[in-house]
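Quick heads-up: it's one chain on its own, the form predicted on its own, in structure tokens.
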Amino acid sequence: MATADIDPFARFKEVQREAWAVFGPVEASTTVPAAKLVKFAEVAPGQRVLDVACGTGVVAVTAGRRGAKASGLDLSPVLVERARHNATLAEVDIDFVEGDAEALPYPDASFDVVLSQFGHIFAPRPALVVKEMLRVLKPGGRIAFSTWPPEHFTGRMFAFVARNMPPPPAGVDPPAPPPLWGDPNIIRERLGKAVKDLTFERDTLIMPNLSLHHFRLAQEKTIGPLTKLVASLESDPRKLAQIRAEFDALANDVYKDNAIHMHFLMTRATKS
């Protein structure tokens, strides 16, 4: 392979592939937002639908149960296997493959709808993932995705984790911050003139938890970047305690009635 062909984020993606393998137990909390995204995207029976960075496949399975011909792709083989299990259990036929959102293994104009729920935002280069998602979308097709606004809890949480992680090696550009995908102005800029009829809608993911400590422990075990951060501080209990206290303070703002209330943004547009 020529030097120019080497992905400068290859190591970053290897870490992501490993880190997000633990996400499975969270899938139940993402199923209602998945239904909202599929409805928001106006998925119809017979349409070819792609779920990018599909995780455990909740969006693709939801689209498939709606009658769409769905496919899903994720970086983590563990999550892809779980997605296949979910499709089998739901009795829908979905093609799930392991793959990279920045290099989708599909021909141009293959899909009527391209979706992503809190997934494509972790691709390190927004321009590249947008190019790929739009490349495989038919002209006149719809792109729709759910993201975390930077001013709300989840966006702030990912920014908090990033601030406390070691910086990238010298000479290596940092990946784009995922919460920026929750800013409508940045979304408009990233999608640009390649789309029309850009529409936004806000909603809330409700995650029941008996206490803040229950929530934090679950997040530490299932949210890849946070899992990595906690593991990196095992030999520094004072710093780890400080990180956990800061996390609890962030979460306290959105904890009420035995649940975490996580605001998210849905975006829909038509390919020009």
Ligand SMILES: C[S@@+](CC[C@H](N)C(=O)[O-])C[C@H]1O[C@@H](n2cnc3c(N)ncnc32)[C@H](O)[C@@H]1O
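When you see a residue number, it is the position in the sequence shown, counting from 1. All values reported here derive from a predicted model rather than from experimental measurement.
Although it is not shown, the form predicted in complex with the named molecule is what the next lines describe.
Heavy atoms of no residue among Phe40, Val49 and Phe145 are located within 4.5 Å of the named molecule in the predicted bound form.
In summary, the region of this chain contacting the named molecule in the predicted bound form, judged by heavy atoms within 4.5 Å and restricted to 116-124, 185-193, 134-142, 84-92, corresponds to 116-124. When contacts are judged by a 4.5 Å heavy atom cut-off, Gly64 does not count as touching the named molecule in the predicted bound form. A residue is said to contact a partner when one of its heavy atoms sits within 4.5 Å of a partner heavy atom; Thr30 meets this definition for the named molecule in the predicted bound form. Contact between Ser71 and the named molecule in the predicted bound form is not found at the 4.5 Å heavy atom cutoff. Within 4.5 Å of any heavy atom of the named molecule in the predicted bound form lies no heavy atom of Pro150.
Contacts between stretch 44-68 and the named molecule, counted in the predicted bound form as any heavy atom lying within 4.5 Å, involve Ala53, Cys54, Gly55, Val58, listed in sequence order.
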